[in-house]
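The chain below stands alone and is given in structure tokens; this is the form predicted on its own.
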Amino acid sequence: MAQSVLLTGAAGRVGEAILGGLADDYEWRLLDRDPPTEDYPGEFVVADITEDETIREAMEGIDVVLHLAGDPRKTAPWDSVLTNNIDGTQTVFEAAVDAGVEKVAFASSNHAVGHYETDERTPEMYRADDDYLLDGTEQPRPGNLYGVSKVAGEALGRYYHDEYGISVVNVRIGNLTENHPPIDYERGQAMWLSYRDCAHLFDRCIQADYDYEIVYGISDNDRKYYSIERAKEVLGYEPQDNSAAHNDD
């Protein structure tokens, strides 16, 4: 059982969800570019994700990396996604391989396949009886430069897995919100990921055995257009939440 986990981008929303559910379960080393403003479990390293020497030091003694750090803005300009999302991710993978890390879980995004919605989706198609699902085997079609950077991160993971044998899982995160999205936001309901299911999914990324995988990070919503079958099969993901359960709230 993995005990030591490095969580990059720990102060962000995904990090908040993960730590909210798993704070007491692992020996955490947390990394973020901004100093903490509240108490966190474990050691906190203040560093930029592109600082090679500091990242290598942070990898020492680590079993699993959950790599969340980067510019999360879907409108982020190229110079930012290149530095923070692509160069930063390569720095993490290189340091992880050199440190003998067993697994890296990379926080990818639904934006890696955003342009499937251009001609495959309209808002009224987010419905429970729809049998068109993306499952991770489709070609990427990023919807913005942020999405391009996530595709690049997935490709870096593929390279480092094939070249060095490190286990890599890419989680294409949907609409992560602490509270349920508005009932009339059909797209948000279709790709909703609850905080509880987010923590559980990344717990399975830490615990499960895998080679190289792309999975979708959403709850078990009635209305969905991403398949979660691969996450269930490979990781043992058992989501508890469903956006449809909130329609009467």
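Quick note: we count residues from 1 along the sequence shown, nothing fancier. Values in this document were obtained by computation on a predicted structure and should not be read as measured data.
There is another form of the same protein, the form predicted together with a small molecule; it is not shown, and what comes next is about it.
> Select, from the options 70 to 78, 133 to 141, 94 to 102, 153 to 161, the stretch whose residues sit within 4.5 angstroms of the small molecule in the predicted bound form by heavy atom distance.
This holds for exactly one stretch, 70 to 78.
> Any chance R13 has a heavy atom within 4.5 Å of the small molecule in the predicted bound form?
R13 belongs to the contact set for the small molecule.
> Check whether R29 has any heavy atom within 4.5 Å of a heavy atom of the small molecule in the predicted bound form, and answer yes or no.
Taking the distances in the predicted bound form, the answer for R29 is no, it never comes within 4.5 Å of the small molecule.
> Answer yes if any heavy atom of M191 is within 4.5 Å of a heavy atom of the small molecule in the predicted bound form; otherwise answer no.
Although the small molecule is absent here, M191 would touch it in the predicted bound form, with heavy atoms inside 4.5 Å.
> Taking heavy atoms only, is N110 within 4.5 angstroms of the small molecule in the predicted bound form?
Because a heavy atom of N110 falls inside 4.5 Å of the small molecule in the predicted bound form, the answer is yes.
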